[in-house]
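As structure tokens, the next two blocks hold two forms of the same chain, structure 1 and structure 2.
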Structure 1
Amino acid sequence: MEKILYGKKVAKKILEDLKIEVEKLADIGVVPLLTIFLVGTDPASDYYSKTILKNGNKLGIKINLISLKKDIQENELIKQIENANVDPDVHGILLQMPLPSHLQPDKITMGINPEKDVDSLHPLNAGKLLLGKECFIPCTPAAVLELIKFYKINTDGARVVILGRSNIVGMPLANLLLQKCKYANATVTVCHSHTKDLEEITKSADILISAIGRPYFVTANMTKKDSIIIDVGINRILDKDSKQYKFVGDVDYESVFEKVKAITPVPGGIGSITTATLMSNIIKATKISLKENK
């Protein structure tokens, strides 16, 4: 296995495969369409939307970005989502998070049609994922799984430790790696801010996945020799020397590098795959809509 697990290679392969799918849909006159709801002006969400637009354009997927005022009323946002739910030309719906504090994310995500829920925010999709049923896999856990498949990382019987238990990364990822199937079958431990003796746990990991949002948190003494490190964290910090902002992971890459068998870089790791897995979910949603309209 290569020592540096680059995400771009994985994304390239996914996008090449999807191009064929998009062409097949075009042959029958179908152009996949994603509607993004962006409320207010969160810089990270704005950046993500632009990346999605760029990738969608390249691939032949239409992206309709709906930018809404930050003081939009909850009912008005739900109404707009309902319009997209029933519009047969819209195949996927993405609600950008975080939402302004006066909006209740749980209530609003419940309003997304689960069959168009390409970011897998609806509880129905979360429940299906838990039970190992066919569903949309949230884009970041899906990106981790794609990396595991691409580099043929053996998870069967492996001890996997995940740092972070959020609903969008840690929790679904733990469930996916626990499933009784290929590229899963792992023994999974999930850690969070209340975990005691964290270092003892991380040191036992054959595969350590960090998704906590703490720059340079994982150091060499927390890792097992020859383990595999997957760094999901994306943290913006001010570089002392250049006085410029830069992105780093949760893992102290320099200190860990010599000790481990393989590691994902930040940037250029999981983050590079996430948009490709979103594109994959849009194609899946498009196919679902075709089956329903038969």
Structure 2
Amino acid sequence: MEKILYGKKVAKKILEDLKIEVEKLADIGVVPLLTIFLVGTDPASDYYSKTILKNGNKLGIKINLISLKKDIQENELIKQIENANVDPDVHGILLQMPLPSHLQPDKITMGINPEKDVDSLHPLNAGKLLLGKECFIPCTPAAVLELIKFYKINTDGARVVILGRSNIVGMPLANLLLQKCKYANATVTVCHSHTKDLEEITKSADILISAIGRPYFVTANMTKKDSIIIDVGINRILDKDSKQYKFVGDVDYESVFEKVKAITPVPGGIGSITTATLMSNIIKATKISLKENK
């Protein structure tokens, strides 16, 4: 196995396969369309949206980015989502998280058509995922699985520790890795801000996955020798030397690098694959729409 697990290699393979699918759809006059709702100016969401636009243009997928003010009223946001739900030209809907504090994520995600819910936020899709049924897999957990498959990381019986219990990464990823199938079947522990003896738990991990959203949180003393580190975090910080903002992961890459067997970089790791898995879900949603409209 390579020491540095580059996500761009994985993404390139996924996007090459998807290009063929997009061309097949174009042959029958169908152009996949994703509508993104971006509320406010969260740096990570801005960065992700720009990456989606770039990859969508390369593939031939239309991206409609709707940027909304952070003080938008809840009813207005729900109304705009409902408009996208009933628009036959819109195949996928992505609601960027996190939302401003005055908005209720659970209430708003309930308003997304489950068949256009390409990040699997709707409870129906979340429930199907929990039961191992066919559904959209949330893009970031899907990206972790694609990395595991690409680099043939053995998860069968492995002790996996996930830092973070969010509904968009930690929880669905834990459910996916617990399932009885290849590249899963792991023994999974999910940690969070109230976890006691955190360092002892992370040091037991064969595979440590950090999705906690805190820059440089994971240090060498929290890792086991020859473990595999998958860094999901994308954090914007001010570089003291250049005085410029930069994106870093949850893991202190430099301190951890020599100790572990393999590690994903940030940027260039999971984030690269996340965009590709989103494109895959858009194609899937487009095909669902075609079946319904026959």
Ligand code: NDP
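Residue 1 is the first residue of structure 1, and the numbers go on in sequence order from there. For clarity, a rigid core is taken as the largest C-alpha set superposing within 1.5 Å between two forms. This one's a predicted model, so the numbers in the text were calculated from it and none came from an experiment.
Participant: The form predicted in complex with this ligand: is that structure 1, or is it structure 2?
Facilitator: Structure 1.
Participant: Is residue 61 in the same rigid part as residue 99, if the chain's motion between structures 1 and 2 is treated as two parts?
Facilitator: Yes, both C-alpha atoms fit the same part's superposition better.
Participant: Please state how many degrees the smaller rigid part turns against the larger between structures 1 and 2.
Facilitator: Angle of the smaller part against the larger: 11 degrees.
Participant: After aligning on the rigid core, report the distance the C-alpha of residue 70 travels between structures 1 and 2, in angstrom.
Facilitator: Its C-alpha moves by 4.3 Å once the cores are overlaid.
Participant: How many angstrom apart are the two C-alpha positions of residue 45 between structures 1 and 2, if you fit on the rigid core?
Facilitator: Residue 45 C-alpha displacement between structures 1 and 2, core-aligned: 3.0 Å.
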